[in-house]
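Only one chain is included here, represented as structure tokens and corresponding to the form predicted alone.
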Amino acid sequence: MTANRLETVEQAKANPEYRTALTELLYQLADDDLVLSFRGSEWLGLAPHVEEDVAFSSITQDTMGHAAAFYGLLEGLGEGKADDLAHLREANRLRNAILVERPNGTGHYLNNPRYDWGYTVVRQYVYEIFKQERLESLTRSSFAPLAQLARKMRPEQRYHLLHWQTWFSQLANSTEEARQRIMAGVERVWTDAGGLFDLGPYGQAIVNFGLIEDGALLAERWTEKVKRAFEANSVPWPGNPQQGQLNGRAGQHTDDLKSALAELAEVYRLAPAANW
């Protein structure tokens, strides 16, 4: 990335085209973490054992914190209050990838939850590998505040990746049932994972301004790492992941996201001015 480096929000706001590309990317970053955090929160009290309950909750809180930090940058760019951006937008204004909005399974966490731990482990693992590559690229972003934020997040994110790497390896090398569940999780995740690398309608401008590297390059690096992980655990490589018919980066989403947002924002919508 060779674009001129901008050091402040004011410099970004002074260039309308740059600001538009930057805000589009920030919404992708924030919305991915926000929605996946919500799916993680639905496992509270339902994880395989109490230690995992605590660990997954901690990871989910960290990831929600990353989303809040990205929304904070958007607030600085004049997009509105960070809390409003997280809670009050309609689904068609979110820019998260479809993969992160898929339900954990059938049922509801309060009513007959039949969640799929194998699917969750695979989704979390490949997302964290993707996030690691994305953060690494963002450390070289032309927007200095974003590059600084990415550097700050990387140490914490490495522990998240290690956690899911351990789960993936243990289940893939455990009982036949555990291995089959991982394989089924891979099959489901692969129908959406390609959408992670899409930079949306403003993708070319995002790359041209040096905000992040091209999605194809991130996909290439992600593929190399995931292939090595699969090979190390004797999991057959399923080929390149698919994107599906809906493009979350363009505001196209499933009805599952609408219901998730309604639940996520329920309290905030009742009393948006309340202090907690």
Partner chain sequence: MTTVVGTIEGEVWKQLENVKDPEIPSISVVEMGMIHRVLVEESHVVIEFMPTFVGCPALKIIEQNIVDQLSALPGVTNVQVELVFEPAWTSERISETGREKLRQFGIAPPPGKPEDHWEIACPYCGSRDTTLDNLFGPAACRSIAYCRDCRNPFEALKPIY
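Positions refer to the first chain, counted from 1. Worth saying up front: this structure is predicted, and the values here are computed from it rather than measured.
As for the form predicted in complex with its partner chain, it is not shown, yet the points below apply to it.
The candidate site formed by Gly185, Ala229 and Pro236 is entirely out of contact with its partner chain in the predicted bound form, as no residue has a non-hydrogen atom within 4.5 angstroms of it. Mapping the unseen interface onto this chain, Trp190 falls outside it, with no heavy atom inside 4.5 Å of its partner chain in the predicted bound form. When its partner chain is considered in the predicted bound form, Asp62 lines it closely, a heavy atom lying within 4.5 Å. For His163, a non-hydrogen atom is located within 4.5 Å of its partner chain in the predicted bound form, even though that partner is not displayed. Although the partner is absent here, Leu149 sits close enough that one of its heavy atoms falls within 4.5 Å of its partner chain in the predicted bound form. Annotated contact segment (heavy atom within 4.5 Å of its partner chain in the predicted bound form): 63 to 71, selected among 240 to 248, 28 to 36, 63 to 71, 220 to 228. Among Leu138, Leu171, Met153, Leu77, the residue placing a heavy atom within 4.5 Å of its partner chain in the predicted bound form is Met153.
None of Arg179, Arg89, Lys81, Arg158 but one reaches within 4.5 angstroms of its partner chain in the predicted bound form through a heavy atom, and that residue is Arg158. Interface residues of 186 to 217, taken as those with a heavy atom within 4.5 Å of its partner chain in the predicted bound form (partner not displayed), are absent.
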